[in-house]
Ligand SMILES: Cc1cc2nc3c(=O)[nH]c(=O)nc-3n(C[C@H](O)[C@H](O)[C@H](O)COP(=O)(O)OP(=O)(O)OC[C@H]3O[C@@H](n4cnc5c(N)ncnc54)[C@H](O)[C@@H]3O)c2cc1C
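First comes one chain, alone, set out as structure tokens in the form predicted alone.
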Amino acid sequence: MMNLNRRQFVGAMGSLGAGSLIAGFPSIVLGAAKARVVIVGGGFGGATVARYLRMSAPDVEVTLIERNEKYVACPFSNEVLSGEREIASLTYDYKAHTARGTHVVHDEVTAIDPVKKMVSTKGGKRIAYDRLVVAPGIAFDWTATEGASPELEKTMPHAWKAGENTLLLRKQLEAMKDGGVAIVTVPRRPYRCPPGPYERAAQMALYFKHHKPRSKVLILDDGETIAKQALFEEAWAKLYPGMITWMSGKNGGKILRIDQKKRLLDTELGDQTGDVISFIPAQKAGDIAIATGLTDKSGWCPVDAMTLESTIHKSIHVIGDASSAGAMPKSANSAVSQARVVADAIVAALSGKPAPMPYYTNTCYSLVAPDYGFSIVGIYQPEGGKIAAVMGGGGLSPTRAPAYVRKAEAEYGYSWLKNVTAEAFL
């Protein structure tokens, strides 16, 4: 493996910007017809692939299939719970993609035939492809916890797919009495956005601090550690002293059973109940990935580290949360980074060229208050057939930093959100 420090990596990415590796292949055809790329899923990953394919390979026919006409981004949606953000600020349409020449189809994919290279939709469409990108995000594994079911979305909103469920959770917090308890559950690993539940607890506490100061937040965690643990614990103690309690799996945080009628969460150390419960279920790859046979026993989609092509079905690339992308976490930034790599890999493959060496990145900001943020950065490369972290290539915000550093990181986080959503949707 070629080792890169952060400065070398930034230089490499500057000279090999998205699409630059395939700029030498301006016209790609298969026989007498244009090459056809179909993208299933219009979240951060799918939308970004569409953008770069149109920019870098205008002769490729690109079709983006997304069930919803508007997409609600998850990053920083926890701020809706504290009242610091409106859901409209995270809502995007696909007009920019249509303007660039992408065929945007708002329909639900019901089947994928990897042999005939055909996608079928609920609306009766059959769309052929030469290369397929599957970016379906997550599905919830309700069977992982006894007593859990999709009905919990209505009473214990997960808000793990931003939108109406986020607004429902916000309404429940507003209706909660002062002095009540809000519970946030953390599922088994891996799941979308590892720091998200702990950021959620902070945003709930922020709301309580201003409106219901006698209220508490309890985190019931299936795991034993917290993403960015020292930073979260420092922030909770400084901003919300005595308001947030975290219970690890061994200390009573693992939920064994749910009684929906009694609103009880049964743990090894007894029952827990809250005035508001945000139950975040265990997760797996999106339903269409499972139905197509793209997943293995882990519930996620194994992919080639160089191209993110499925190791089960050829000519299908799986990106974003649904993929088993080695050391990369399941995040919006990971999905965008993977999308850039896949755009290059697809155009190289359609041109009969080898895939360029990929470089993957992830940046994750956590906002625990409007002027208090911190982050983690990771850089990744193929190694031994896996996507591995580049040693010394990433970094984590320091603990015990002065207030101006936390404020600056919060501002950087808001800038990151503006840039990553623009790259995907504008």
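Everything numeric here is computed off the predicted structure, so don't read it as measured data. A residue's number is simply how far along the shown sequence it sits, counting from 1.
Omitted here: the form predicted together with the ligand. The next part is about that form.
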Exercise. Give a yes/no on whether Thr399 approaches the ligand to within 4.5 Å in the predicted bound form, heavy atoms considered.
Key: no
Quiz item: Can Val40 be called a contact residue for the ligand in the predicted bound form at 4.5 Å between heavy atoms?
Solution: yes
Self-check item: Partner proximity in the predicted bound form: Ile65 to the ligand, non-hydrogen atom cutoff 4.5 Å
Solution: yes
Quiz prompt | Contact label in the predicted bound form: Pro281 to the ligand, heavy atom within 4.5 Å | solution = no
Quiz item: Which of these stretches, 295 to 303, 128 to 136, 270 to 278, 254 to 262, has heavy atoms within 4.5 Å of the ligand in the predicted bound form?
Solution: 128 to 136
Quiz item: Out of Ala343, Ala325, Val109, Val217, which one falls within 4.5 Å of the ligand in the predicted bound form, going by heavy atoms?
Solution: Val109
Quiz item: Heavy atom within 4.5 Å of the ligand in the predicted bound form: which of Arg170, Lys117, His313, Arg192?
Solution: Arg192
Exercise. Residue by residue through 153 to 185, tell me which have a non-hydrogen atom within 4.5 angstroms of the ligand in the predicted bound form.
Key: Ala159, Trp160
